[in-house]
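Taking the form predicted on its own, here's one chain by itself in structure tokens.
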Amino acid sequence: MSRRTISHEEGAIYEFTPELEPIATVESGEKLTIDTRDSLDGAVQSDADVIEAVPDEVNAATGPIEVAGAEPGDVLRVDIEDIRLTEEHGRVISIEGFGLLAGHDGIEAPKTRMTPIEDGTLSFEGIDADIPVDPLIGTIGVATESESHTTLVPHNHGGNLDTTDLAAGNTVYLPVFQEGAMLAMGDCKAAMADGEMCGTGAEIGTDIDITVEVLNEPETELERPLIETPDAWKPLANAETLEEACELANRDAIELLSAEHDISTTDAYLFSSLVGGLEISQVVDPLVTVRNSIPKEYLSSPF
């Protein structure tokens, strides 16, 4: 099957809402290349370019893309096959009032560091070490169930998840809340650490190869995003506090374990404390994001 390209020039959103109008309609099983622009819309091209405040419109997500046959209650499977950088540099920035250490003594904001990319690594001025390029998708989601959320916010629909596992070779499953799902994505990074502490990774434009598939009436009812890696299943949860996000991610994990092994919720809870692993995705967006990693040897496909 040939691969269809959908460009940010055709359309991009800055808000996930229940009522999104598609820029394209695709079939379940179709292969796509999604062209994205950097999260700052090209406003930062040198160290001298700084961002004084979080823009009203940030993290442009290419789309929305209607997936034919997707209905509320279904699950949208997105296989991330490749993420190619379309720029020769990323940019990592601090913004006043934004980030894990915003307002702390010694933290300068606003500030920009460009990160030139060459031979599969990016460099950071003043540090004699190369950082491996390891691209990921920062924002990916579908139309929301009822409330609207900007592309800066993560929630049950996906959105600004900023999770290092949203990378080539992995799959993300998203709950479908509206007809057609209305998929959109962008805000990619050339590299980023778990936590995204300063508020950005190395922000960059990309071409993303994906395959989309609708799972109609799945065996597992999905409330929040779920990531599949070659070795693990990782429920994702978002909340106002890290503790609340951990609780949600653990509850989703034990529901999967309970169904898999036909055990009580309590036994699944105890088992999760032996084999699960809470991982911090990001701690800087309006909600924080946590995932719970369950190795596949203890959990087969929920679908």
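Numbers follow the displayed sequence, beginning with 1. None of the values given here were measured: they were computed from a predicted structure.
Absent from the display: the form predicted in complex with a further copy of the same chain. The rest refers to it.
Put simply, of Leu215, Leu85, Ala168, Ala102 only one has a heavy atom within 4.5 Å of a further copy of the same chain in the predicted bound form, and it is Ala102. With a 4.5 Å cutoff on heavy atoms, Ile117 does not count as touching a further copy of the same chain in the predicted bound form; it lies far away.
For Ser46, no non-hydrogen atom is located within 4.5 Å of a further copy of the same chain in the predicted bound form, even though that partner is not displayed.
Taking the partner from the other structure, a further copy of the same chain in the predicted bound form has a heavy atom within 4.5 Å of a heavy atom of Asp194.
a further copy of the same chain is not shown here, and in the predicted bound form it never comes within 4.5 Å of any heavy atom of Asn160. Exactly one of the stretches 74 to 82, 197 to 205, 170 to 178, 139 to 147 approaches a further copy of the same chain in the predicted bound form with heavy atoms within 4.5 Å, and it is 197 to 205. Along 212 to 249, a non-hydrogen atom within 4.5 Å of a further copy of the same chain in the predicted bound form is carried by Glu240, Thr241, Leu242, Glu243, Cys246, Glu247, in order along the sequence.
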